[in-house]
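A lone chain, given as structure tokens: the form predicted alone.
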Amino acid sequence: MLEFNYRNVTTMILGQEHGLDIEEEFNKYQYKIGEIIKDLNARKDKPGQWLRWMNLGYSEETIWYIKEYAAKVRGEFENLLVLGIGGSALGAQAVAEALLKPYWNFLSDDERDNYPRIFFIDNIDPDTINGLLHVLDLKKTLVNVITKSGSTAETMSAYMIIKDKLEAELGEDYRNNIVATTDREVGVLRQLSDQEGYKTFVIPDDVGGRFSVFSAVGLLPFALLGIDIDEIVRGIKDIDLDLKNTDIKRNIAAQNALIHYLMDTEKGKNLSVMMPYSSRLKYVSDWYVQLWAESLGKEVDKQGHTVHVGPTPIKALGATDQHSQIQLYNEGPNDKLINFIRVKEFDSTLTIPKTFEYTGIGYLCEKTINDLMNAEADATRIALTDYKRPNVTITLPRINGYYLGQLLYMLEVQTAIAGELYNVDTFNQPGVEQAKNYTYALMGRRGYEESAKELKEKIIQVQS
């Protein structure tokens, strides 16, 4: 199972000004945390609560259909192209980067066991899209378009471009190259999928995008790439039992949620840094940034009072960002809580050769890169602590589907608990929706004419 070490946020290590009396705080919040956990689990099956992501590890029928489809198309396509943005892409990117062999797309067909290369269009940069289309053979590409609403402008514009090119190259048969993941009944993509005859998978009701990685949004691309989704689900089920525990002293998601909340509200640490010491986990930080920012950054609380709360998430990568960010973390404002992710056992070992042993770098000879990575992580953690900078460490025994599933699910539960502590709606995103509506207006969507007129006047004022 995952290990969680919070020693470096305690008063014993950091002192009263920057540290927490963990024993006292756990006892103080024991009842409140227990009630939050019971309430979340009691509401997870109720419509409109947006908590059905807590059931995704038990969606056996969905998993069966995904595995059946993946087996059916096995070997038919050289490439898998995912069209999505935000939660429709970040989870798949994080898991694919972690679980596929490094430099997957550069491996031969045999080295990939004839599973496809993976590409994402998760932004609308015209140069990037044109560049990808220039090198990608669409006739040999399976396109997975993902949007629950079916109206996401970025995803649907990319879909229209790809669909047009596929149809030009394949004629009526282009439909075999598209699989859609969307709402069960409503939305433009559902309508088009039924009309065009695409194979479809469903994003369940009451599952928001940033909590959708263990639905068909993520599991379908994983299965198509040959990732063992049964192993991922098994990890989720196993840790789910621990995360249902109402005793904060035995629930690591509750512990980290409370630590973040108290560090923000009582100690002024309103920045949450996610720093894995593994390149394979670097996109976990990107996924976490969205999860934390959209869920907890809110203008009003549940009673409608203006609060403007939410810690700001920051992504980092060890050891790379020791050379770009740690100077600030150590000597800049003491306003951050650093989350380290460590890996006990890497899949491979790399030894530094015995060369230049009589020079200043001779101390590295015959050590391993594994040793160096662990030394870097330990040194950074200790240095931060010397500077009285709070940090916690989550440790995975190794990187595989089982433990990665546990890590992501633990962070989802942690976020839900933190939202209750902040007393905000964890699952809405009015700030995002406002920008979406402005985009619709500026792009001429029907029904947004008045908004478009007002926006254009504002743009003129800003530019003048």
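Each residue number is its position in the shown sequence, starting from 1. In this text the structure is predicted, and so the values were computed from the model without any measurement.
Beyond the structure shown, there is the form predicted together with a small molecule, which is absent from this document and is the topic of what follows.
- In the predicted complex, every residue of the candidate spot (85, 209 and 294) has a heavy atom lying within 4.5 Å of the small molecule.
- Proximity of residue 429 to the small molecule in the predicted complex falls within the 4.5 Å heavy atom cutoff.
- Using a 4.5 Å cutoff between non-hydrogen atoms, residue 148 counts as a contact of the small molecule in the predicted complex.
- At the 4.5 Å threshold, heavy atoms of residue 256 stay clear of the small molecule in the predicted complex, well away from it.
- Within this chain, residue 177 is remote from the site of the small molecule in the predicted complex, having no heavy atom within 4.5 Å.
- In summary, among the residues 290, 380, 193, 393, the only one with a non-hydrogen atom within 4.5 Å of the small molecule in the predicted complex is 290.
- Among 144, 152, 339, 215, the residue placing a heavy atom within 4.5 Å of the small molecule in the predicted complex is 152.
- Heavy atoms within 4.5 Å of the small molecule in the predicted complex map, among the stretches 323 to 331, 85 to 93, 131 to 139, 370 to 378, onto 85 to 93 alone.
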